[in-house]
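Shown next as structure tokens: one chain only, the form predicted on its own.
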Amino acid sequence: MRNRFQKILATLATAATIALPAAGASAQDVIKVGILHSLSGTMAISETTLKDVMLMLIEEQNKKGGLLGKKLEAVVVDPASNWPLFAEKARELITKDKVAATFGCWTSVSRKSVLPVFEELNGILFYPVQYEGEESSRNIFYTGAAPNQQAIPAVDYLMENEGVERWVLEGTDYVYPRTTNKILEAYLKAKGVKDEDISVNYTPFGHSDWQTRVADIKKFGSGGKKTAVVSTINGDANVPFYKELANQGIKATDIPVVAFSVGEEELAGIDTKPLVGHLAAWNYFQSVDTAENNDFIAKWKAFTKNDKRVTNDPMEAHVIGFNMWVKAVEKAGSTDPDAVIDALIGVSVPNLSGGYSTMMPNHHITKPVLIGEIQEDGQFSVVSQTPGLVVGDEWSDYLDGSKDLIADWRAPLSCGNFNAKTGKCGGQGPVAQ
């Protein structure tokens, strides 16, 4: 039943509020859009640029005449890498600022913090970052990658192309790395990898002293079997991590690192010469040569007035999500949340890698999967790409509590965790640690 369902899916074509109103527009003439990204704290290194790209998209839409004959107004808040504050700011955006939709969050802990707020108040959140899956909410649209659109293809690439036999699963200590690594452990063991060939470790947000841990990784990789690091390290901890790899002489030819949260923006603050050949798995790279991407890059550099500003995968996810929202509002003829939520399913818009991405009934989108190698200039050279688009799998096939679950937010099912074995809605996936 799950396979049939997936085939059906695949056929569907800042602490203070900063309001940026359109000049001369009254409250009745505008549609407010929430931007919920950390502009300070440990995640600002990654999230600030997502605020900027949202401002660019809103400005561009207003130049086209706005939406439903009204101007769009950005309402920017800074939850400051403070997970409870995300929920507080989300509530203010919906109840006080009356936003029609919100684009925001990076970490899964921030998304988990705001999820009950959006469900309680019937708001709409577009979440643009790769995550661990094991979730499908009626009020959230997941435009980043699920594990089958990033983590699992990355492991497959390392097995098939690098001959990796030993695995270091290195992550920041919160829900996304822990759940993703739980999935990856189950996947690796299903592939015949033994317990002693898997090392799992977590460090806090903002961790800076990597000397001991990198030495441990080096030792683990000295046992005669090809070893790789699968990194779910998030935020500014990546900078000292990669610096320490270079300090200890760990090269990509020795122990390759494949990262899920390091893109062009993070590399902009690192000397990349010692990191050449290390990998990242995303659904977009700035180096992708398509007409859509070249146009986007040109607009981005013009908007920021900075030729050195880079683009990255979560930015593309916001581009896709924003254009999907605009199309759904036009389709519904309204910003009413219920109408827009229903209208979003099946909407297709161009992605920047070539082709169209579609919002599926599980509120995840179709995406290509790309593996890129770090270059000296801080860009990525694409070394592997799926031949087509991959449907985001909200519930993992490799976890006992999830393999029987599916999500379909169309009537009459309208369920995010339907148990195909019992035929009931409300089946529970594994509890994230």
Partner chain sequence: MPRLLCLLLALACGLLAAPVRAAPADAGEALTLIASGRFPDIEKGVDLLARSGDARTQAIIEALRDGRLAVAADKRVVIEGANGGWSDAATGEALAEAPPSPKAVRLNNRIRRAVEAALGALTLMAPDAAARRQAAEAVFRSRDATALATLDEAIAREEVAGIRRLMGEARAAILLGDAGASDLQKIEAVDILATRADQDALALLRAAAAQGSPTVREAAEGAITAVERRLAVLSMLQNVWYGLSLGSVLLLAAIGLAITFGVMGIINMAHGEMVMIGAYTTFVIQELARTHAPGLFDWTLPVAIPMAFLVAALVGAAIERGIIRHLYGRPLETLLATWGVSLILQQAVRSLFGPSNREVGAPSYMAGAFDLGGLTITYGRLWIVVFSLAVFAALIVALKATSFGLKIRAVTQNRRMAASMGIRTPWVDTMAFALGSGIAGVAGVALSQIDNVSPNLGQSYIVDSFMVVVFGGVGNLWGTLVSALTLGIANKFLEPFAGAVLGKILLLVFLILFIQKRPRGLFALKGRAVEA
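Owing to the predicted nature of the structure, the values given are computational and were not obtained by experimental measurement. Positions refer to the first chain, counted from 1.
Absent from the display: the form predicted in complex with the partner chain. The rest refers to it.
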Considering non-hydrogen atoms and a 4.5 Å limit, which listed residue (Ser334, Gln248, Ser199, Ser348) is close to the partner chain in the predicted complex? Gln248
Just give me the single entry in Asn122, Thr290, Thr304, Thr203 that has a non-hydrogen atom within 4.5 angstroms of the partner chain in the predicted complex. Thr203
How about Asp271 - does it come within 4.5 Å of the partner chain in the predicted complex, if we only consider non-hydrogen atoms? yes
Any of the heavy atoms of Asn62 lying within 4.5 Å of the partner chain in the predicted complex? no
Using the partner position in the predicted complex, report whether Ile297 sits within 4.5 Å of the partner chain, counting heavy atoms only. no
The partner chain contact at Thr95 in the predicted complex, heavy atom, 4.5 Å: no
Specify the contacting stretch among 311-319, 359-367, 336-344, 235-243, defined as having any heavy atom within 4.5 Å of the partner chain in the predicted complex. 235-243
Joint contact, Ile45, Arg213 and Val382 to the partner chain in the predicted complex, by non-hydrogen atom at 4.5 Å: yes
For the stretch 275-290, which residues lie within 4.5 Å of the partner chain in the predicted complex by non-hydrogen atom distance? Val276, Gly277, Leu279
